[in-house]
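As a starting point, one isolated chain is supplied in structure tokens, in the form predicted alone.
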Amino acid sequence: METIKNYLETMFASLPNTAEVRKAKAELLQMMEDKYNELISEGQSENTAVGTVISEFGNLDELAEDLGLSKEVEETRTKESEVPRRLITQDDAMAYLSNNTKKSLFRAIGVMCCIIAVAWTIMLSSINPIGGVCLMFATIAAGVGFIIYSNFVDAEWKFMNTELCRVDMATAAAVKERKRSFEPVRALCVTIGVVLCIICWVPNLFSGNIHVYAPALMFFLIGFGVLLMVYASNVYGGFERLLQLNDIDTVSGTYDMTGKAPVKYINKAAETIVAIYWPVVTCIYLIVSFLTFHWELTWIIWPIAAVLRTVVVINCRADEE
């Protein structure tokens, strides 16, 4: 029976995600299930029953008129012939995710290097100032190198930026499973990263030798915290990118959801605002904290930002039909 459901998903994947299409899909599924159960009760094997059901109900072009979907099917076939979408297979998707993990690590290391670079000048200011400056520029150069190299790591996947692509339901299910497995790692990385950014000022409370290197240690803590957040964000973004390849207005556009309709925004600007919200909050937090050095107070930015995000999303989201 699972084979029949998967086949039905493939049949309807490119059709528009409307109430009429969803109703017709549910009706056809019921007919297929009834036929399957009838064949099984007659003593036919599961494979034979599945084959019979698919051969009888598996051609959407022939069933379109009876289901009241003639217009939708015709428009979909025309659209597919005029603007074809490249299929990303399950093997392709797994290879992309593996590649994206490497890219995310290189990019995160590059960002961390750019943040911690100034720490060398602080640590060596009284011993070897010139050496500290040299190390700073060397670290920045290394960081920029990592970031540039990360853009070449996924060169074979650049076509996803220019070509229309799609994934089938089986591939989407495999990607969602990998995404669920990564959720605890993402939560841990973001949590540790935020905590490190919040407590980075703590070394400044100590006296003695550690007080001399406290500002440098602060940058190391921030750098490592940002590394964790950038890495987790970029890896997670790889899952999102694959799951959002399908046309959001089609049935397959819901493959990234679990029983939910795809979220739509009032315009592209609103979608961008929601996407960059947390990176902007992070920048505001660090800027305010460094300008005031009241780290014990600036943490309040996070809960306030969490509340405000709800307001932003509500105002940016388009009204559902």
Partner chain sequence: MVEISSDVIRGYNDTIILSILMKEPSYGYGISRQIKEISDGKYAIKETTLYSAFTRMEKNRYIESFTADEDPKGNGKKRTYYRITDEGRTYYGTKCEEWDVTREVIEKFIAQKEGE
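Just so you know, these numbers come straight off a predicted model, no measurement behind them. Take the two forms, find the largest set of C-alpha atoms that superpose within 1.5 Å, and that set is the rigid core. Numbering follows the first chain given and starts at 1.
If you look for the form predicted together with the partner chain, you will not find it shown, but the lines that follow are about it.
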- Query: Which residue among Leu67, Ile273, Val281, Val288 has a heavy atom within 4.5 angstroms of the partner chain in the predicted complex?
  - Reply: Leu67
- Item | Contact test in the predicted complex: Leu15 vs the partner chain, heavy atoms, 4.5 Å | no
- Query: Does any heavy atom of Gly51 come within 4.5 Å of a heavy atom of the partner chain in the predicted complex?
  - Reply: no
- Please check if Thr292 has a heavy atom lying within 4.5 Å of any heavy atom of the partner chain in the predicted complex. no
- Query: Are any of the heavy atoms in Ser55 no more than 4.5 Å from a heavy atom of the partner chain in the predicted complex?
  - Reply: yes
- Query: Do heavy atoms from each of Glu177, Ser181 and Glu183 fall within 4.5 Å of the partner chain in the predicted complex?
  - Reply: no
- At a 4.5 angstroms cut-off on non-hydrogen atoms, which residues of 18-51 are near the partner chain in the predicted complex? List them in order. Lys23, Ala24, Glu27, Leu28, Gln30, Met31, Met32, Glu33, Asp34, Lys35, Glu38
- Task: Examine Met11 after superposing the rigid core and state whether its CA is displaced by 2 Å or more between the shown form and the other one.
- Result: no
